[in-house]
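Only one chain comes next, encoded as structure tokens, the form predicted on its own.
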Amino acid sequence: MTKAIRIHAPGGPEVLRWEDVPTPEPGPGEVLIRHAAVGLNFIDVYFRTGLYKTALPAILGMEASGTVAALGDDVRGFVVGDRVAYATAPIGAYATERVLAADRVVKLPDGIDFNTAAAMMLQGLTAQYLLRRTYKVQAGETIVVHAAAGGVGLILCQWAKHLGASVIGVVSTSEKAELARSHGADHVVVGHADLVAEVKRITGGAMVPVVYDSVGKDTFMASIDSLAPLGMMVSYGNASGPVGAVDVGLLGAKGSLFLTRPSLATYTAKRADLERGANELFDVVTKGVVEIRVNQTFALKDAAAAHEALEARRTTGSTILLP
């Protein structure tokens, strides 16, 4: 048997149950992975609460690292014992072992340990596509990053700084402001109430070409109003709730703006894109350009406590769950 955290109905952290489940067997094109560490992400909360729908009972989790324990038929490029990681649908990472399609898994380079890998795959691949594909940040540009002290935010700040951009980080507390500054944010705004005025002051009225917003409903209009004409609003999360319906006429009135709601699943749907993104991520991490901060660790069986901390914004950087 395998141990897993499952939900039988949507709800608060209390619906997370530590249970025995049958150990899965890999089918054709699949690998069985014995997990060493599991990543915690806000998307796990969306599935737990029912914002994102899934069949029940369900094992949550999109990201983990571990070793290949068994191979299904027709698997090429992996052997038992390979160190691997992933960040992908379908959910199911909150378990000691799981089966996954081999083409969704990447091998880990020697310089990256399991804990770092579990903390970086979903957040790091997200940062990679946001900075290098959704809006390709250029040297000399000023950008806005919301939740700058969070897992994705800290990676975005560091990576954007490496690319030569100036980063305005938005955080919720003064303690988080210091963390964002130490990871590449050139300017930090605490709270979003004064964001537009601060962006105007910092840019001399020019505003910014892109805003990366994972907060959602509470920050949407401040983000829109921080953009320069032809700027891009990248809404990639809903930490404060979903944005809801948007009047597309607003985009024209505010300066012929672009609005996108990207997802990692789309940007890594092709194996070649997944490998390219992972290789770019591994490169900046192994070179020390991006530091992955694992600031909280919980036992996997204590996932409910981890969810409570995440939703209360008591976490910074990355959080992992240990089986």
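Start at 1 with the first residue shown and count on from there. These figures come from a predicted structure and were not determined experimentally.
Form predicted in complex with a small molecule: not shown, discussed below.
Checklist entry - Within 4.5 Å of the small molecule in the predicted bound form: all of Val152, Val215 and Ser263, by heavy atom? => result Yes, each of Val152, Val215 and Ser263 comes within 4.5 Å of the small molecule in the predicted bound form.
Next on the checklist: Between Asn238, Asn115, Thr96, Ser166, only one gets a heavy atom within 4.5 angstroms of the small molecule in the predicted bound form; which residue is that?
Outcome noted: Exactly one listed residue reaches within 4.5 Å, namely Asn238.
Item to check | in the predicted bound form, the one of Phe42, Phe47, Phe282, Phe298 near the small molecule [non-hydrogen atom within 4.5 angstroms] | outcome: Checked against the cut-off, the match is Phe42.
Next on the checklist: Please tell me whether any heavy atom belonging to Ser172 falls inside 4.5 Å of a heavy atom of the small molecule, as the geometry stands in the predicted bound form.
Outcome noted: Although the small molecule is absent here, Ser172 would touch it in the predicted bound form, with heavy atoms inside 4.5 Å.
Item to check | the small molecule contact at Thr315 in the predicted bound form, heavy atom, 4.5 Å | outcome: Residue-level check for Thr315: yes, a contact with the small molecule.
Item to check | Heavy atom of Leu122 within 4.5 Å of the small molecule in the predicted bound form | outcome: Because a heavy atom of Leu122 falls inside 4.5 Å of the small molecule in the predicted bound form, the answer is yes.
Next on the checklist: Does any part of Ala222 reach within 4.5 Å of the small molecule in the predicted bound form? Heavy atoms only, please.
Outcome noted: It does not: once the small molecule is placed as it appears in the predicted bound form, Ala222 has no heavy atom within 4.5 Å of it.
Checklist entry - Hey, of 229-237, 179-187, 68-76, 245-253, which bit sits against the small molecule in the predicted bound form at 4.5 Å between non-hydrogen atoms? => result It is the stretch 229-237.
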